[in-house]
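Quick setup: one chain, the form predicted alone, written in structure tokens, and binding and motion questions come after.
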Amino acid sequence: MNFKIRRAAKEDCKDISRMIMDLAIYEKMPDQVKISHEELERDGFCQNPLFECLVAEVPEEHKSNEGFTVTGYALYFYTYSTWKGRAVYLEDLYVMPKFRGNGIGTALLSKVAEIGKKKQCVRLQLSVLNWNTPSRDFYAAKGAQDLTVTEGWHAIRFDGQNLDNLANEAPKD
């Protein structure tokens, strides 16, 4: 199938938002999505963007049954390892089900890796749900290491009231 990978534009945010919800439904967490395309526009297409995004686009003749030509996305941002240096974190990689198996996911992932390497990133990190065997197998086939197994890392998060409580403990200036 013919497709192209390109940097997302502000005008793509409605499609990206749609696919974020599709991914959340697949991950059995649709109630966790609290942002809209407006937040994506504000946070990704400003003077100091908080993330970057690539989209996969197919020609009009291959559009989805719903009429979409933007059929996948990779949303990522940069982090820093105090042990290794620059890193890129892949927040989401998603391809609409009808378009899977055509190399779009690999193309998105490889492009994020290429962009990271050009910015001198030494690693690409991401998280995958433990039950998501197709994704875990996909990344493993590309050479990814499961750090849960090899190094025993746990993913830790503060949010909601716990984040508020922690922030309120900060020393006052």
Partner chain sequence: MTFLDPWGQESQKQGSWRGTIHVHSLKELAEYENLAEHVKVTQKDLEQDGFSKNPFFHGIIAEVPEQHRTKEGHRKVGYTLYFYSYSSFVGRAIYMEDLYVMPEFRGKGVGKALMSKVAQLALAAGCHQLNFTILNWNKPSMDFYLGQGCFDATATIGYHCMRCEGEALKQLAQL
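The shown structure was predicted, so the numbers you read here are calculated from the model rather than taken from an experiment. Positions refer to the first chain, counted from 1.
This protein has a second form, the form predicted in complex with its partner chain, left out of what is shown; the following refers to that one.
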inquiry  = Taking its partner chain as it sits in the predicted bound form, is Phe45 near enough to touch it, meaning that at least one heavy atom pair lies within 4.5 angstroms?
reply    = no
query = Looking in the predicted bound form, any heavy atom of Arg86 within 4.5 Å of its partner chain?
reply = yes
query = Any chance Ala9 has a heavy atom within 4.5 Å of its partner chain in the predicted bound form?
reply = no
Distance check, Phe68 to its partner chain in the predicted bound form, heavy atom within 4.5 Å = no
ask   = What residues, if any, in 13-51 have a non-hydrogen atom within 4.5 angstroms of its partner chain in the predicted bound form?
value = Ile20, Ala24, Glu27, Met29, Gln32, Val33, Lys34, Ile35, Glu39, Leu40, Asp43, Asn48, Leu50, Phe51
